[in-house]
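Below, in structure tokens: the form predicted on its own, a single chain.
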Amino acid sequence: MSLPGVLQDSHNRVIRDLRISITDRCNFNCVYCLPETEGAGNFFKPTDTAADEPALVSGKLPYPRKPRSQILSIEEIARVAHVAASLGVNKIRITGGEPLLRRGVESLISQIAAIESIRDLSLTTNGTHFPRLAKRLKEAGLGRVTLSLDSLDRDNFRKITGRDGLAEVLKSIRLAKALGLAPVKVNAVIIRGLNDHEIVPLARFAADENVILRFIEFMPLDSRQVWRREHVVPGAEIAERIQPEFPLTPLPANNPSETSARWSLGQGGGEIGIIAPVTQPFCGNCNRLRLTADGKIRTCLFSLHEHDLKPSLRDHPGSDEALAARLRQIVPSKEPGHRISEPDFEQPARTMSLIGG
């Protein structure tokens, strides 16, 4: 039965969570997203010359960006947030690309924070611009922040991200804690043969710093489409590696749609979470939509079809009713789940940096 006044899909999932990408630009070239550095190319270079292996060329490739005219303005993004909130969305995450590259991000945070029904307003960042903007973001109404930390080794961090930025990220994590942007979450994408040897050190970092370290399985969302299942470290294996070092105590889910399984590390406020979309899909409780920087709604992270909101925003600039009607029209088509494990799985054309986490 459809509930009045909310966004509900054809599988009876009520949409409460909107992920908003505000830029398609990023100053990292992470191997799991934009593997366009020589180091990434060398890591993913096939061990044989099988015809179905993707060709990798050395050097950085130009990646097409949308012209500014196709990118939603801060005002348009805020309008989508207001309309989505009127339809039951109460959780918004600002993403990118790297969202702190976008001018006006503080203004957007302020406008969304002013929406009374939004209970959780967060931002995901790689941390490089966070120290410059952190205090202003907090004052604008940002509730919490998630930062990316895929390695604690400077050289390996550079290999994974294409940037010598480990010190910047560590500084940003500690600054977020000091400012009370809590709970501070730290994301690490684990790739076999690249950083899986750092699983226990990363868990120890969470315990020492009293943060939530979320281990994420490597997903097929990279620009070169070099993902292979053998690169995936299953979530169960991650937990097995940590268990001998820490007395993992399972923690209850905050809500049924939570993406991570959580454990206390047995000391302080540190905990780990494991997000395992490849080996333990959680699609049945998914309550998320994604808005791309160029105004497309994606009903699943792995959608092959997108729904353009720009006509509703720009052809009807004063009509929130038209925008609400468009969202109501889109949501019933939300997929029952992704098809990563199916033989006919097709990787979406957009990378994670162009979708938003």
Ligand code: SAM
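Don't overthink the numbering: it's just position in the shown sequence, from 1. Source: prediction; values computed, not measured.
Note that the form predicted together with ligand SAM isn't included here; everything after this is about it.
Contact with ligand SAM in the model of the complex, defined as a heavy atom within 4.5 Å, holds for exactly one of 221, 115, 239, 283, namely 221.
Think of it this way: in the model of the complex, ligand SAM has a heavy atom of just one of 172, 260, 195, 125 within 4.5 Å, and the residue is 125.
At the 4.5 Å threshold, heavy atoms of residue 213 stay clear of ligand SAM in the model of the complex, well away from it. The closest heavy atom approach of residue 7 to ligand SAM in the model of the complex falls outside 4.5 Å. Looking at residue 189, you'd find a heavy atom of it within 4.5 angstroms of ligand SAM in the model of the complex. Contact annotation for residue 217: at least one heavy atom lies within 4.5 Å of ligand SAM in the model of the complex. Only one of 173-181, 264-272, 90-98, 134-142 lies within 4.5 Å of ligand SAM in the model of the complex by heavy atoms, and it is 90-98. Residues from 338-353 that approach ligand SAM in the model of the complex with a non-hydrogen atom closer than or equal to 4.5 Å are 352, 353, in the order they occur in the chain.
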